[in-house]
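Below you'll find only one chain, the form predicted alone, shown as structure tokens.
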Amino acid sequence: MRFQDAARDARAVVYAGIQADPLVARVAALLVDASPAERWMARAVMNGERTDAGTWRRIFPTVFPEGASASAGAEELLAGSLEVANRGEAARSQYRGAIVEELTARLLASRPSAGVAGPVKRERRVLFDGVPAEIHPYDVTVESPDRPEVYDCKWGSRGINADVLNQLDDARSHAADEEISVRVAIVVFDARRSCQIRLDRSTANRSGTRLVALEDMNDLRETRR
């Protein structure tokens, strides 16, 4: 089993530009330490249905309590989320995906030093001897020689499909053939219940694939046992 950079095709070049936008890093950094309510607020705002900050403050009174000052982080997260919402439908979708990937990578990298057994990388393919390489790379990888991990990241539950689940399971099963234990997971910045409904409708093999929903994001900081 080995890792390889993704091919630099036209799609990858365009997406790399979005990933490198400071807005992606800024919003992801705020989400790392955000409260659950702040993360729900950010998701709602970045869906782009409303672009008025005052409206969002009223919708999320636990984040922006009436008669009290919200935290600086909450205000910055609202501002950054509104910037994403205002990017336009096509760009907004790509920015949201890039933010979930960046957040996942940052949470994995923030584990206690003993828990990260290898570097956290982005857009990497996983290769096995005698097995055709997957066309699409995995979004985030932890490249440990002993305890590798691969993650696919989605903004919403509608991004869960058979192709994604099969690719994750293939990484797990091919690694098992080489007597390597690989943690595979799909990270979805959406409600666990919505994700579970989507998974239950799929016939793809997912018995060895972990689901990390919006409520579970902090679990990514835990050291793998």
Partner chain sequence: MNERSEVAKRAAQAYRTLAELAETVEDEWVYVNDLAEAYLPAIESLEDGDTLPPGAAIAVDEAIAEIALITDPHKAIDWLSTFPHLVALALGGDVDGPGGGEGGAGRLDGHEDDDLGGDSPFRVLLGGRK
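Everything quoted here is computed from the prediction, not taken from an experiment. Positions refer to the first chain, counted from 1.
The same protein also exists as the form predicted together with its partner chain; that form is not shown, yet it is the one meant from here on.
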- Tell me whether R43, T62 and R192, taken together, all sit within 4.5 Å of its partner chain in the model of the complex, counting heavy atoms only. yes
- Message: Taking its partner chain as it sits in the model of the complex, is K121 in contact with it (heavy atom to heavy atom, 4.5 Å or less)?
- Response: no
- Examine V212 and determine whether its closest non-hydrogen atom to its partner chain in the model of the complex is within 4.5 angstroms. yes
- Task: Report yes if any heavy atom of E49 sits within 4.5 Å of a heavy atom of its partner chain in the model of the complex; otherwise report no.
- Result: yes
- Message: With the partner left out here, check for me: in the model of the complex, does some heavy atom of D5 sit within 4.5 Å of its partner chain?
- Response: no
- Message: Just to confirm, with a 4.5 Å cut-off on non-hydrogen atoms, which of A175, V32, L199, V164 contacts its partner chain in the model of the complex?
- Response: L199
- Going through 137 to 165 from first to last, which residues have a non-hydrogen atom within 4.5 Å of its partner chain in the model of the complex? R147, Y151, S157, R158
